[in-house]
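Given as structure tokens, the chain that follows is alone and in the form predicted alone.
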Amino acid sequence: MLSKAIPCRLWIGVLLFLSLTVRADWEVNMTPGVTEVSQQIYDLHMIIFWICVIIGVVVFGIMFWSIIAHRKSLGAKPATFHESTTVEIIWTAIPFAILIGMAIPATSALINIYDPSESDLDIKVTGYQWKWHYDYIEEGVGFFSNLSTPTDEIYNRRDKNEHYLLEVDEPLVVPINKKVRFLVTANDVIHSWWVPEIAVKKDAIPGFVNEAWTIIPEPGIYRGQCAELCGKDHGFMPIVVEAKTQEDYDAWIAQRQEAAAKERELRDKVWTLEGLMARGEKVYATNCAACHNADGSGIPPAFPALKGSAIATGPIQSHIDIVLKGKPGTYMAAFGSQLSPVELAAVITYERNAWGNSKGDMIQPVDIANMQTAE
């Protein structure tokens, strides 16, 4: 009975292994990407891969043939020679030729990768803990790009969507068939801006500017992530690049410039408490809730509660200072350079009047702008 059961179980195991419904994704190779450079890198990778395969087959083939054909049971006798000039020349010349053959396409690819000259568009990319800021230098447009995956998905209260942890509120938008140069740096710690499909991966280092470039040939959305361990929320700062036709890109730029002008108008107007609270709730959810929780309870001791705290219920100037300048030696970042005066005034007002704090006071965006100008 036992001898019959074993083959049956073996066949069941084989069928389960072959079933498409239970097999994991076996794709382990690089992606060819969508740009000329990404295809060049992929082709170089495959050339060297097949060279390594051929070398492996030849070396191990000779080794196994030698073991089998010259085994002691067949009466083989070990050779008595000690050296051969001919053999030495051959096994030095062949690897040298292989390395030269690999170096030629590799050098060509590297020269192309490190040539950001004659760009049509320059974008400054700045890494923050834990978001990206994009500055369109010639167009005068700039904005932050934050993770937009709902917290319910992160904490397993809801099923995860197709682009879990790879979706943002503001994607980087670029035109197709234009050479886009990225000037990559960081504001706090080392990050790495990586989008595999367009073959761009550059470290973002505080105090340094690294260059990269791409030309995307077709409209589409291309996703990436920070590829350098940068702190608590390293896994929560995705990158989304949206390539548009020139016409659509021009319309988007015009829309962003118009929005920037409206933001300046909002800065100068007098806000009501209700208006600041509504705007501040959105700013808080995007920039503060990850550390201090949506209900202001915090995650002590690293991230203190704001609900009933001395900061949120104490003197308003102290509250403004810590939001604008941060607190050295802690996770509290300086948001003065990250948020607009409207956003800063709104989130400070919100923190002082949410979760039962009910201070009843407020700060106007124009006052924040004046403080920043004075500094």
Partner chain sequence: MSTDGYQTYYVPEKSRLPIFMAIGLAVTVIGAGTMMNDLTAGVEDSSAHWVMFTGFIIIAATLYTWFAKVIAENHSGLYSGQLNRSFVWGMGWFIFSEVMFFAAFFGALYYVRNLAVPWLAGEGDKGISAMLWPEFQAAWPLMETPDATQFAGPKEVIHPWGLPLVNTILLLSSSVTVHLAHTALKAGNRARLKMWLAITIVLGLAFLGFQIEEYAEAYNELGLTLKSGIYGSTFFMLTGFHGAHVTIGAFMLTVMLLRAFKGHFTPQEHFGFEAASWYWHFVDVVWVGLFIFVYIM
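Computed from a prediction, not measured in an experiment: that's the story for all the values here. Positions refer to the first chain, counted from 1.
Keep in mind that the form predicted together with the partner chain is not shown, yet the notes after this line are about it.
Review point. Should N210 be classed as touching the partner chain in the model of the complex when contacts are defined as heavy atoms within 4.5 Å?
Key: Looking in the model of the complex, residue contacts with the partner chain include N210, since a heavy atom lies within 4.5 Å.
Review point. Would R267 show up as a contact with the partner chain in the model of the complex if we use heavy atoms at 4.5 Å?
Key: Taking the distances in the model of the complex, the answer for R267 is no, it never comes within 4.5 Å of the partner chain.
Check your understanding: Does L183 reach the partner chain in the model of the complex if we count a contact as any heavy atom within 4.5 Å?
Key -> Yes, L183 lies within 4.5 Å of the partner chain in the model of the complex.
Check your understanding: Taking heavy atoms only, is K124 within 4.5 angstroms of the partner chain in the model of the complex?
Key -> Yes, K124 lies within 4.5 Å of the partner chain in the model of the complex.
Point to revise | The single option of A261, I137, L273, A254 touching the partner chain in the model of the complex, heavy atom within 4.5 Å | key: Selected option: I137.
Exercise for review: Could you tell me which stretch in 214 to 222, 241 to 249, 168 to 176, 200 to 208 has residues with non-hydrogen atoms within 4.5 Å of the partner chain in the model of the complex?
Suggested key: Of the options given, it is 200 to 208.
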